[in-house]
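Let us start with two forms of the same protein chain, each given on its own as structure tokens and named structure 1 and structure 2.
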Structure 1
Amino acid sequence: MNDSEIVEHLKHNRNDKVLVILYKNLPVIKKMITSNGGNSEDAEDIFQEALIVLCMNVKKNGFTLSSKLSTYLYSICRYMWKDELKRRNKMVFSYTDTIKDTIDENALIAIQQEEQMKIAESVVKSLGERCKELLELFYSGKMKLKDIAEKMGYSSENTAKNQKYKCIETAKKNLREVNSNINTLTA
């Protein structure tokens, strides 16, 4: 059963088979929690609470899964455990130091790539339509600036070049803002 099928089952309260599949993620969650000051019982409690949160989120209007379901569930557990550690006045969860110990390197790379893709998507969405089109033509379409100038109605190749520069600068500024917001949230 793939992730979208699991989500559909959860939306319609057909949880029996789905929960068996989701429980396959428990060992990874246990390893993460036990290597960060918790025990097996903590891990099971957090995991069960995370399943409840997952089920509630899936049933909300407009829910879309933008990562693997296992990654989404892991993230819920990670944030819940971080909150629990704060409640217990323990050392704050350190993402980079502890996750490397809890999951294999390929999974870590996949999680980081998904997070980077989400950030890149939000930065691109924040650009105006003209900027998105220009950058897409240049980078994805591999068009020359001269051809882009003609297609987009710029007066010259230099104008297209200047517009590309402005778009990239806007994207960099937006990226800095997103990263600043992320740092604020994780602090």
Structure 2
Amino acid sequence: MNDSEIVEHLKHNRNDKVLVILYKNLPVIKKMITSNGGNSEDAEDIFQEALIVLCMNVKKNGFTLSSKLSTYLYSICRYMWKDELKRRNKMVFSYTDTIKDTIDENALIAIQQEEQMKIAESVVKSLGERCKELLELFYSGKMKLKDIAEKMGYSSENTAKNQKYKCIETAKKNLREVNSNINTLTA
């Protein structure tokens, strides 16, 4: 499967078909990270984050792949690992390799948005299992509200819709509070 086919699968939420293929890039990332102050588990974590960035970014309107997917993932991992080293107050990155510190601009924006997404993810998790399941089923785009109502035992599509509204509103309220706390702390 070539890069553009993989991107097409990711764009249309058929991640299961291609993620295993993308994991074949992991050994290269492990090599890069373990030779720059990290261990195998660091590499797996960073690579997972890079795949999340790719999966999220690819769905945005106007996404184009300006390099090979392997290079794209490598540059994201390299950027994230350098960032992580900074956070750990370690700067042991070797500059001997020939890959320049260039990163796709959209990928950079997506990496910066990752923190916000992580917060939102934890807010959704804290809503409770029912709300989380309902929202995940709906926003995965794989089920219609009518089917979700049936699966989750709601009496009608309308009940499911109202429940979804309540869950979203609670999530927004909690997120608003968390954002406000963060703003206060960083002000």
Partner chain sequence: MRSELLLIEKIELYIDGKLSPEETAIFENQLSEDASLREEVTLQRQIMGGIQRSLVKKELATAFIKYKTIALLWKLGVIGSGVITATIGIILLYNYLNTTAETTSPSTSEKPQLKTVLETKDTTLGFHTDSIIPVSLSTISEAGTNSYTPDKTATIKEEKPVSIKGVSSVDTTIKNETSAPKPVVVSSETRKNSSAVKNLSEKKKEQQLSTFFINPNAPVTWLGIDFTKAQFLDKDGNLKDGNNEQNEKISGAYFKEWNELIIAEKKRYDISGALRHEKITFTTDHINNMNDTIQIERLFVPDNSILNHLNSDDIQNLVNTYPLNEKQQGYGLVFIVESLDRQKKETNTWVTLIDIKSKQVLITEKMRANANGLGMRNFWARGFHNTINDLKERKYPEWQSKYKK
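One-based numbering along structure 1's sequence throughout. Since this is a predicted model, take the numbers as computed values, not measurements. Whichever C-alpha set is largest while still superposing within 1.5 Å between the two forms counts as the rigid core.
Between the two chain copies, the one drawn from the form predicted in complex with its partner chain is structure 2. After superposition on the rigid core, the Cα of Lys11 moves by less than 2 Å between structure 1 and structure 2. In a rigid-core overlay of the protein, Asp42 has its C-alpha displaced by under 2 Å between structure 1 and structure 2. CA movement of Met143 between structure 1 and structure 2 equals 60.3 Å, with the two forms superposed on the rigid core.
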